[in-house]
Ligand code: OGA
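One chain is shown next in C-alpha cells, namely the form predicted on its own.
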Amino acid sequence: MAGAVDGDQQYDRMKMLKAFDQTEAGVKGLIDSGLTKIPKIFVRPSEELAQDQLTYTNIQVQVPVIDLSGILGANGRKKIVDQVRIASETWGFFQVVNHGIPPTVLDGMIDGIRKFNEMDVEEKRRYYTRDNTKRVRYSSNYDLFTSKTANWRDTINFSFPDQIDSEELPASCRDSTMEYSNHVKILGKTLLELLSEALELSPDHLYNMECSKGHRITCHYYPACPEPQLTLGITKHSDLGFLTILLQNQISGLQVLYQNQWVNIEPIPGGLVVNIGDLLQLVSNGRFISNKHRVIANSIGPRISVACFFNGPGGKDKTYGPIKELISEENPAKYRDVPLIEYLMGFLKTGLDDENRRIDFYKL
C-alpha cells in the first residue's frame, strides 16, 4: 500500500485497491499501522486540488438553524413551516434544534459507533462485506472500485425495513443504534409533515407517498489524516433519496456548495443537519433543491457522523414523479416518472463522485 509498483498505472491502482480491501481493516487499519503518508489511491488529482482553491471560502455564513420547540402552536408552526420552505428552496440544507431526541440518545449513538470502530479488527471483520443485500455492512468506500479517488473514511451501514432483528447488529452499538433509530424515524415523519405543508399540501402527503418507508443509517468514521490537504472524507455529491438527517460529533468537516462556494456547516451541540435529497427535488418538481456537499479530511479526529437516509420503499415496485398538485400549465413537469428500483440500482453501479446525478437522467 505504500506506493504503486512499476508498470501500467491503472493496473497498479487496481492492485492497490484490492490490497487495501483485502485487509478488511479500513482506513483505521492504515492509521493503526503507523502510516505517515496517505497511499496514492486516496490522493486527489492535481487539477481537482487546484479547482478547490477557486471554490473554497472562509466566509462566515451558516445554513439556517430552525428551532422546532414551537411546532405544536399554530403561530409557531406557521413560522417553522416558512423557515423550512425558505431553507429548502435556497440552501437545500438546514439544522434543527429542540427536535425532541434526547441528548443522551445522540451521545450514545456517537459513542456506540466510536466503540465499534475502535474494536479489535478481528471483531470488525465479521461485518466486513460489499454485499448490498446485507442489513449490516461494514466497509471502506462502497464505491472503492468505481470511484476516481478513495475517500478517507470507514463506514458501517444498518438497513431498517419495517422490522429488524437487533441481534444482527454489533453488540458494541446495538442498543444505542436501535434507540436512535426509533427516535429518528419519528423526527423524519415530523419533518416530512413540515415539508408537505411548505409545499402547500396536506401534512401527511409525503408520508402517504411512503417517502419514509424504511430507512438506512450510515455511520462514518473519519480517522485523523496525516495529509488532509490531499484527500477528502467524502467527495462532492448529492443524496439520492428524499430526506437525510445527520448527527455529527463536534469536529468540523461537512461543507455545502452554496452559490458556487464551499461553506462549512459547523456542528451545533444537540443539533441535527437536515438536507433535501434528489427524489424530493424531483417530486417537488424542482421547488426544493438537493444541494451538493462533501466532507473534508482533517488532521484531528476521529470525526464521527451518523446519516439517516429516507429513500423510500426500496424493495417495492414503486414509481415516483412530480406531485400532480404542483404541476400546472404555468409550471409543467420538469421530470419524468422514476421506477424506484431502477433508480436505486443505477446509483449503486456508479461512483459517488460521478458528476452525472441519477436524477438528471429523468429530466424532461
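For clarity, every value in this text was computed on a predicted model and none was experimentally measured. Residue positions are given as counts along the sequence shown, with the first one as 1.
Another form exists, predicted together with the named molecule; not displayed. Remarks below refer to it.
Screening 184, 206, 113, 254 for any heavy atom within 4.5 Å of the named molecule in the predicted complex leaves a single hit, 254. Proximity to the named molecule in the predicted complex, defined as a heavy atom within 4.5 Å, holds among 134, 189, 237, 78 only for 237.
Contact annotation for residue 338: none of its heavy atoms lies within 4.5 Å of the named molecule in the predicted complex.
For residue 295, a non-hydrogen atom is located within 4.5 Å of the named molecule in the predicted complex, even though that partner is not displayed.
The named molecule is not shown here, and in the predicted complex it never comes within 4.5 Å of any heavy atom of residue 242. Interface membership of residue 320, defined by any non-hydrogen atom within 4.5 Å of the named molecule in the predicted complex, is ruled out.
Proximity to the named molecule in the predicted complex, taken as heavy atoms within 4.5 Å, picks out 220-228 from the listed stretches 174-182, 78-86, 276-284, 220-228. Of all the residues from 289-309, those having a non-hydrogen atom no more than 4.5 Å from the named molecule in the predicted complex are 293, 295, 303, 305, 307, 309.
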